[in-house]
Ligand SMILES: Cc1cc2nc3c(=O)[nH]c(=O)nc-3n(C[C@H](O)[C@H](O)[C@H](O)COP(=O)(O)OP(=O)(O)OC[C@H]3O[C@@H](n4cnc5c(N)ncnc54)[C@H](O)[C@@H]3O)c2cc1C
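Next up: just one chain, as structure tokens, the form predicted alone.
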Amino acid sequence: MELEEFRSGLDQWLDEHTADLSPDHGPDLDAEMAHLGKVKRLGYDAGWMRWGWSERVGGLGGSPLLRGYLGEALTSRGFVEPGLYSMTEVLAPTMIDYASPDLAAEMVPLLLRGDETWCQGFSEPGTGSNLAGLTCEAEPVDTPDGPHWRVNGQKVWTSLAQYAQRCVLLVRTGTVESAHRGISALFVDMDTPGIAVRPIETMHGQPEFSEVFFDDVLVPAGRMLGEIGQGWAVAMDLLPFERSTALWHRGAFLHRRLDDLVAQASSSLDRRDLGRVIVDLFALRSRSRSTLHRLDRGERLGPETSVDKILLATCEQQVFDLAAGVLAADVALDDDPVSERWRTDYLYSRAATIYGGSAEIQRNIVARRLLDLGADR
């Protein structure tokens, strides 16, 4: 299906199902997750969630641009929260690339349809952005049910872990000279004995992240993604997807929120400040569009997507800084739903230069890997 045909048909379907797709709750994470599952099921059963995905995992084929427009349309209309919705875009492509064909064919449709939520077990206490320093261990063991990996360790800042049925988990399976080569990736069932999840409430009031503890957790050997020691490659495949389609969705969300601000407080906005935000938002959109078209051409995404992430973080904070300046009293003091939404979004925007890789790390990647400016001094 071509993009224009897809866009026309999808827009008509969204118009016809607006009542079913519109959320009827405030900023409550349990309600948002339940609604997300509903939207994905409706979209999958109508075929829209299947376009842009390989037929071997239950998709209908076609360009990844179709997926990009679906997320943009759902986000622009306020039907889904982009960060929650885009987890599919982050995790499914890597699952398709590195899982066995049978495992991918079994699992990916569950994620696309909203029957399951998955999480990403990368970050650990004490290692910060140094992913290669992870210490969560997996050792091979023989059990009556066949060969397994026994996992011990802890992860932190694991998004949506309390809702997740599965986890893409990075573990240390070797102590070789290169720390990168001693890492492997496992696809773990979250109801396995020995896993404990403790949600963390962030400053915007939602328990979006969790600590996850692994105590002698047995994972079947067939649940390894890729080969032993290939976990760094899995991570480097996954992370750019956080900065491609997922950022396109979030950019659409920022455009919508800026439109909301203009509609609510146009007479109070300084036109120069507004103009600067608009220019930067369109720079983000242009850059993100270029990344999506590279993905469509089958190009491998890499460190250049750090530029996309820097632009996104800058724009997110600019939009909500502008809103906080114009609506200061409302955002700080009022408890009506509109003010509460602005307050929540403003607080969440403070993390934009941290989540998905901090702004400092992204600039280091640009300096060292794109501009060849050398290592840190």
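All figures in this text were calculated on a predicted structure; none of them were measured in a lab. All residue numbers are counted from 1 along the displayed sequence.
FYI, the form predicted together with this ligand isn't displayed, but the following is about it.
Student: Test of understanding: in the predicted bound form, would Gly121 fall inside 4.5 Å of this ligand by heavy atoms?
Tutor: Contact with this ligand, yes.
Student: Using 4.5 Å between non-hydrogen atoms, is Leu36 touching this ligand in the predicted bound form?
Tutor: Leu36: no contact with this ligand in the predicted bound form.
Student: Taking this ligand as it sits in the predicted bound form, is Glu16 in contact with it (heavy atom to heavy atom, 4.5 Å or less)?
Tutor: Glu16 lies outside the contact set for this ligand.
Student: Please determine whether Glu360 contacts this ligand in the predicted bound form, using a 4.5 Å cut-off between heavy atoms.
Tutor: The answer is yes: Glu360 has a heavy atom within 4.5 Å of this ligand.
Student: Specify the contacting stretch among 252-260, 158-166, 212-220, 133-141, defined as having any heavy atom within 4.5 Å of this ligand in the predicted bound form.
Tutor: Of the stretches listed, the one contacting the partner is 158-166.
Student: With this ligand left out of view, choose which of Trp51, Tyr348, Trp342, Tyr69 has a non-hydrogen atom within 4.5 angstroms of it in the predicted bound form.
Tutor: Contact residue from the list: Tyr348.
Student: So which of Asn152, Thr127, Ser290, Ser100 reaches within 4.5 angstroms of this ligand in the predicted bound form, heavy atom to heavy atom?
Tutor: Of Asn152, Thr127, Ser290, Ser100, the residue with a heavy atom within 4.5 Å of this ligand in the predicted bound form is Thr127.
Student: Within 331-356, which residues come within 4.5 Å of this ligand in the predicted bound form, counting heavy atoms only?
Tutor: Sequence-ordered list: Tyr348, Ala351, Ile354, Tyr355, Gly356.
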